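Below you'll find only one chain, the form predicted alone, shown as structure tokens.
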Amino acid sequence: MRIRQAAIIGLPILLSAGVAQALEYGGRLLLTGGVNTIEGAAGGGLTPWAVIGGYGTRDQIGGNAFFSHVEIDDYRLEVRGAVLGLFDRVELSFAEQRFDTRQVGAALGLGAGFTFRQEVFGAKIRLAGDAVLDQDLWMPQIAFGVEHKRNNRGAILRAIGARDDEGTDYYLSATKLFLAQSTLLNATLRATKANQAGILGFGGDRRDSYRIQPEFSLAYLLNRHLAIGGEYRFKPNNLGIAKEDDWWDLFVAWAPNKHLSLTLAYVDLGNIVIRDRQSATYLSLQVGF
């Protein structure tokens, strides 16, 4: 269950006829592959889950492509990318983020509409458990993931106190689906140096070491096509220029079929540089198989 995505790009992949058929008829249940986070991985909008993106089973390949638009009070964030799930075991993802400072950029002397661009390369591997099949076990599905991020504004980032324009997050996620109760729970521990998820660089004048930050998701399936829920993501506080607040959201996700999902969310991002109480509504449209 993700954040918000507004338009979709096709995912052109050359496949043999046999694999193409497997992609077309992904065998997993609706919404069990989550949606795309703002960093590309499958999960909720703010935090990755242990699930593998797409609807492919252990004998199939699945994936999706997305474009997200988040209109924050004083900023704008657009994210586009794709995720590929291999045999319900390995996930590969890519996301490009464009963070538009709008009039805040002018106030900071950068110019109105000054934009930070960040690329996020992700990989995730399922280590143990099966969120869908292990209904008689207490053990959740567990996955380990990495997200390597590259920002294009190194000089500006160092000027505001960031130590680097490139960094890597490491995370461990545990996801438990209770089908009888129509409830999904997820907990993620992220080791990170990122400021505002990397959009403002990595490390800072306050701290330049990895911090373990917890992230949580709760989703309730009203029916097989519709889910509601929320997420909370703790954040580090590395930069002296501005306090960084935790993020949280409330969402509703609708999947009429396995090829399309629509998510609407309210997101609270707290303080971002010189603007407090930044919130947004996020609409997400995702295409997948």
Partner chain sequence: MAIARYLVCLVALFAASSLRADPETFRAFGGVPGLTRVVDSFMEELLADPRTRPFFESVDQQNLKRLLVEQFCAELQGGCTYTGRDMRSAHQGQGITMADFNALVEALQKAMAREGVPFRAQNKLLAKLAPMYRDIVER
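Residue numbers count along the first chain shown, from 1. All values reported here derive from a predicted model rather than from experimental measurement.
One more form of this protein, predicted together with its partner chain, exists but is not displayed; see below.
Legend entry - Candidate stretches 181-189, 68-76, 195-203, 158-166 - the one whose heavy atoms come within 4.5 Å of its partner chain in the model of the complex: That would be 181-189.
Legend entry - Partner contact for residue 221 in the model of the complex: its partner chain, 4.5 angstroms, heavy atom: Yes, residue 221 sits close enough to its partner chain in the model of the complex that at least one of its heavy atoms falls within 4.5 Å.
Legend entry - Contact label in the model of the complex: residue 130 to its partner chain, heavy atom within 4.5 Å: The answer is yes: residue 130 has a heavy atom within 4.5 Å of its partner chain.
Inset, instruction - Check whether residue 29 has any heavy atom within 4.5 Å of a heavy atom of its partner chain in the model of the complex, and answer yes or no. - result: Output for residue 29 is yes: heavy atoms within 4.5 Å of its partner chain.
Inset, instruction - Using a 4.5 Å heavy atom cut-off, state whether residue 60 contacts its partner chain in the model of the complex. - result: So residue 60 counts as contacting its partner chain.
Inset, instruction - Identify which of 125, 137, 110, 146 has a heavy atom within 4.5 Å of its partner chain in the model of the complex; exactly one of them does. - result: None of the other options qualify; the answer is 137.
Legend entry - Contact test, all of 214, 232 and 258, partner its partner chain in the model of the complex, heavy atom 4.5 Å: Looking in the model of the complex, the three residues 214, 232 and 258 all sit within 4.5 Å of its partner chain (heavy atoms).
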